[in-house]
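Take a look at this single chain in structure tokens; it is the form predicted alone.
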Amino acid sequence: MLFLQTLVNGLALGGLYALAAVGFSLVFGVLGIVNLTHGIFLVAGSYGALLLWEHLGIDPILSIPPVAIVLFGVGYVYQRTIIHWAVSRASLVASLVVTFGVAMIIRNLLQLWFGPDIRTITPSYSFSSVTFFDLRIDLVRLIALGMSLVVLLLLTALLRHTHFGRSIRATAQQPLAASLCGLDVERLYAKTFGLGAALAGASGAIIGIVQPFSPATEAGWTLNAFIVVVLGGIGSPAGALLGGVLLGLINTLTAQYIAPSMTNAAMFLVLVAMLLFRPHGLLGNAMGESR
């Protein structure tokens, strides 16, 4: 029964990892950018949900749409200005340095505004749990897992069944051909980056009710997103879900049966093995078939 409980905890944690990583995966797959400000967007989403909860009494789940809309706008402007200038005047490698620098700046600003202390969002159901036979799962983790699946399904539908989604996929696979067909590639890049920021903000609002957060936690979430992409594959919600679940199971099984202090070592061991033997992830690069 302990093993089953560990698996359930790993699946719930994996849902959080998947939701946190899907925006990173989308930006990486379409723009080819390793966005090191991804964790900042996530933490900003947590703080946005916290402000709406403390000052307006809005439930963190209901705060997802306004938080996502604001961060979509921020991400859109950010890509159209700073990142676009860096890539057009230098290279994609320059975007790595730029996003790292911006992440450090915003992290320090968040520390000035909110302080370095750990914060949590505690709605009325925070300490409730659901019991199924002898298995127990916190209600907030169950809600977070459900919201993760909903968001991933909506993103899958967007990418597969809408003109915007098909435009994103076409631009990712053949940007020159997409441009020749009349698509505004630069604007699609900005919209995709904005969508990635919105997804990060939405995941931050959900994660804020499950785990404590502070400006310093942004680096860990960026790293987790990168590991999830390496495990599952680039550019697809299914890859993010698979990679997130694997990472969650690795984390909980290592903590339970080896030692909690060994979770990072286990994650990096799996990361190195995946990069050596299957560098495109288990599901491959969903955005790069025609490159």
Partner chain sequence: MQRRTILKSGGAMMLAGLTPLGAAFAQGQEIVLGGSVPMTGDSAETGLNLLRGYECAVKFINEEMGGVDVGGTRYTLRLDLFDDASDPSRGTTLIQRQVDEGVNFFLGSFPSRMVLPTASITEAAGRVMVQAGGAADDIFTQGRRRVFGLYPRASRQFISPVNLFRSLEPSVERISILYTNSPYASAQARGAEAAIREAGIELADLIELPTSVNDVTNVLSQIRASNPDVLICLTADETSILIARQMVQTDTNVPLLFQSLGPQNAAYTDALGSYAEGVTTLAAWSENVAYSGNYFGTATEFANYYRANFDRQMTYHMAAGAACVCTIAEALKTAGTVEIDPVTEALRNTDFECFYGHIRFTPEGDGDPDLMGTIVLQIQNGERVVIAPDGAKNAEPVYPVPNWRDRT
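Numbering follows the first chain given and starts at 1. Just so it is clear, the model here is predicted, and its values are computed rather than measured.
The form predicted together with its partner chain is left out here; the points below concern that form.
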Please state whether all three residues 171, 179 and 238 have a non-hydrogen atom within 4.5 angstroms of its partner chain in the model of the complex.
no
So in the model of the complex, is its partner chain close enough to residue 210 to count as touching (4.5 Å, heavy atoms)?
yes
Is residue 167 a contact residue for its partner chain in the model of the complex, using a 4.5 Å heavy atom cut-off?
no
Heavy atom of residue 65 within 4.5 Å of its partner chain in the model of the complex
no
Although the partner isn't part of this model, could you tell me whether residue 116 comes within 4.5 Å of its partner chain in the model of the complex, counting any heavy atom of the residue?
yes
Interface segment, criterion being heavy atoms within 4.5 Å of its partner chain in the model of the complex, picked from 238-246, 65-73, 259-267, 42-50:
259-267
Which residues within 4-30 place at least one heavy atom within 4.5 Å of its partner chain in the model of the complex?
5, 6, 9, 13, 17
